[in-house]
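This document starts with one chain, in the form predicted on its own, laid out as structure tokens.
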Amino acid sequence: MKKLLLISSSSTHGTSFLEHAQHAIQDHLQGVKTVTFVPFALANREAYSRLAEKAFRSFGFGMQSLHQTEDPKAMVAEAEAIFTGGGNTFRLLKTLCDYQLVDPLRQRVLAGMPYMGSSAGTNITCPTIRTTNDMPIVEPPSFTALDLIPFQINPHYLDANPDSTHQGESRATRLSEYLEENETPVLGIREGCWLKINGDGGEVAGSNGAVLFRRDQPALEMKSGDSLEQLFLSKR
């Protein structure tokens, strides 16, 4: 049974790295001693690893990082749990492809290994990375991602400010454009929000909620505790 914790952002205003989701993380990783960290979304993997390790140790877990091994496939195969951090989603997916880790990682998660992602690490659990906010600073061989859930996610979702003088597209406008070309629904998760996925179901959790975008339908506001079952039922 799939077990995923998909966080919008690694921190919120006034909190340290992952602090806002600490209790959800500790619950998600019950029984795990050492978390395997995927730092590939940032260029400075060593500094990123130190930041993540400090957080996980304060939560009661050991941590090892994929960039510190000569055999990433073996580390993924033996991992108790995986955490993929945020950064640039294009760089993250390209690196996973370069190391031929997309399918091994997917198979471990499908077999029940707990998975955690934040921002880019959340984006890659979708069918594709087409709803990331990131600039394509590198070119992966495909936009196809881990395909662990049957819907797209837009992390760091921002509501349009009606008082702003900004004349560019809102996030809602960009996601509407995605749905003009694609049928897969998109869940915009605000900072402070995360999704708890167990098997073929789950719920919205954390604070600030989410917005569900579907083709030719009005946007639907979702709050903490709301079920995600409708998004899984549509693919059964």
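The numbering used is simple: start at 1 and walk along the sequence shown. This is a predicted model, so every value here is computed, not measured.
Unshown form predicted together with another copy of the chain; subsequent notes refer to it.
- Among residues of the shown chain, residue 136 is one whose heavy atoms approach another copy of the chain to within 4.5 Å in the model of the complex.
- Although the partner is absent here, residue 141 lies within 4.5 Å of another copy of the chain in the model of the complex, judged by heavy atoms.
- Heavy atoms of residue 63 never reach within 4.5 Å of another copy of the chain in the model of the complex, leaving it off the interface.
- Contact check for residue 110: every heavy atom lies farther than 4.5 Å from another copy of the chain in the model of the complex.
- Residues of just one listed stretch (41-49, 195-203, 66-74, 24-32) have heavy atoms within 4.5 Å of another copy of the chain in the model of the complex: 41-49.
- Residues of 86-103 lying near another copy of the chain in the model of the complex, listed in sequence order, are 87, 88, 90, 91, the criterion being any heavy atom within 4.5 Å.
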